[in-house]
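Here's a solo chain for you in structure tokens, the form predicted alone.
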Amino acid sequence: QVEFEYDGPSMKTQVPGPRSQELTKQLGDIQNVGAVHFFCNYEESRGNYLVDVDGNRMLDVYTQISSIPIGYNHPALLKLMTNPNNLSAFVNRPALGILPPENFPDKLTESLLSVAPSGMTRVQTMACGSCSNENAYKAMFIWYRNKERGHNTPSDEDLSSCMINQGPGCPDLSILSFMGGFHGRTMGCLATTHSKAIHKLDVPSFDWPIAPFPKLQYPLEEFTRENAQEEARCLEEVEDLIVKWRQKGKPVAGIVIEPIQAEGGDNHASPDFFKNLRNIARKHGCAFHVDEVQTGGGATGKFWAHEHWGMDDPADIVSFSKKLLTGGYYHRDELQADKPYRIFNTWMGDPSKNLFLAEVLNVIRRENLLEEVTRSGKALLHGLYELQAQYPGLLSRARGQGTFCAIDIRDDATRNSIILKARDKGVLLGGCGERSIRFRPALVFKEYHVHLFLNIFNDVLAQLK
């Protein structure tokens, strides 16, 4: 047992409790609080346990929407904060694009480059997942236009027309995305996000192609032929859309996809599907962008979910954030911005986050956490299979890779009720898609945490049977 961690959940009130309700009312006078679940006491939270302001201690299997790598208040990270040599990184936040600190190349090498995806030696830091994807899209468009021109010197007409949002300076290019995908809530990302209407409603968007993502049938081993046909259908549609959009005068500069569609419902596809998609991108001269914002950082048992595909050259761009604490994207050399200020903003990340990430990676290696995730993930998925067999009218389609797991509930209302009942019993869960519950524990989630969770989950399900 992690020596600094609690031994289990401990509930004192319903959630949200009185103090949380009071604070929600207070914040409601300042902001929209419709999405606030409860207020937290982060000082008292430890490891896999989140404590709220009413003193309720919950086993956190959702971890700030999949973004806590090694649990709350990890001793290694607290120790990092006490090192006087690190103070400057926390006190002085630089505009990295113009005035980086002396140790920035070393820190990038030590942190992000030490876990670079296969075939990539370049990384561009950013602040969050949305701006990582937004700038990755820009990089793909710039690369595509330079390729079309045969050089990277724009014409006078390019320069003048772009200032009034007209072509050829603002070209009619597109990015192909997939139904169920989620890539962020900024304008470009939102055009490629198709998970929930609430994200997109009332916001103007681009006329970009949207391909179907395979809908696999479970258990996979019983539906191999049907699933292979479904994947082939989706790949055929991708090719058709690329041709159609080229004919419309809006060529596809890039394809963006998640290795597992997370927000959209934990939708999986086979390694063959992704390999074939990569080949289609190559064939049609499109950049291939793998969005690992939610899947990156070890939750699937490998550091990058795309490693499960077994490819030497899996992508042209891989974006990240969440568990990597900083945002950004890795890219092949040819997608390097050709001029200064094209991929740019004031902060472009935060050097203090690279310090934390380097230490997180040390902990992952020292404690063999990816092996731990694989073990815990097997126990979690096995437990979900058993519960699914026990409650066939209630649960279906248990699926996952590592601890990146999900299960479908019979309907949306029941799913939401289960999440609230589990919370009152001391387990924090998250929903995704139309009726799924997604499991997103930290990498320090051990097998005994799995059994603790499964027992409580079983109690909740027994009440609903």
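Residue positions are given as counts along the sequence shown, with the first one as 1. Remember, it's a predicted structure, so these values are computed and weren't measured experimentally.
Although it is not shown, the form predicted together with a further copy of the same chain is what the next lines describe.
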task = Identify whether a further copy of the same chain in the predicted bound form is within 4.5 Å of every residue in the set I65, N165 and C170, based on non-hydrogen atoms.
result = yes
Answer range among 234 to 242, 128 to 136, 275 to 283, 364 to 372 for contact with a further copy of the same chain, defined in the predicted bound form as heavy atoms within 4.5 Å = 128 to 136
note = Students should find that, of Q390, Q247, T224, S205, the residue having a non-hydrogen atom no more than 4.5 angstroms from a further copy of the same chain in the predicted bound form is S205
remark   = Assert contact residue (a further copy of the same chain, in the predicted bound form, non-hydrogen atom within 4.5 Å, options L113, M311, A228, L394) equals L113
message = Whether R19 contacts a further copy of the same chain in the predicted bound form should be assessed with a 4.5 Å heavy atom distance threshold; does it?
response = yes
message = Does any part of W304 reach within 4.5 Å of a further copy of the same chain in the predicted bound form? Heavy atoms only, please.
response = no
message = Quick check on I210: any heavy atom within 4.5 Å of a further copy of the same chain in the predicted bound form?
response = yes
query = Wondering, does Q217 line up within 4.5 Å of a further copy of the same chain in the predicted bound form on heavy atoms?
reply = no
task = Within 4.5 Å of a further copy of the same chain in the predicted bound form, which residues of 361 to 381 have a heavy atom? Give them in sequence order, or say none.
result = none
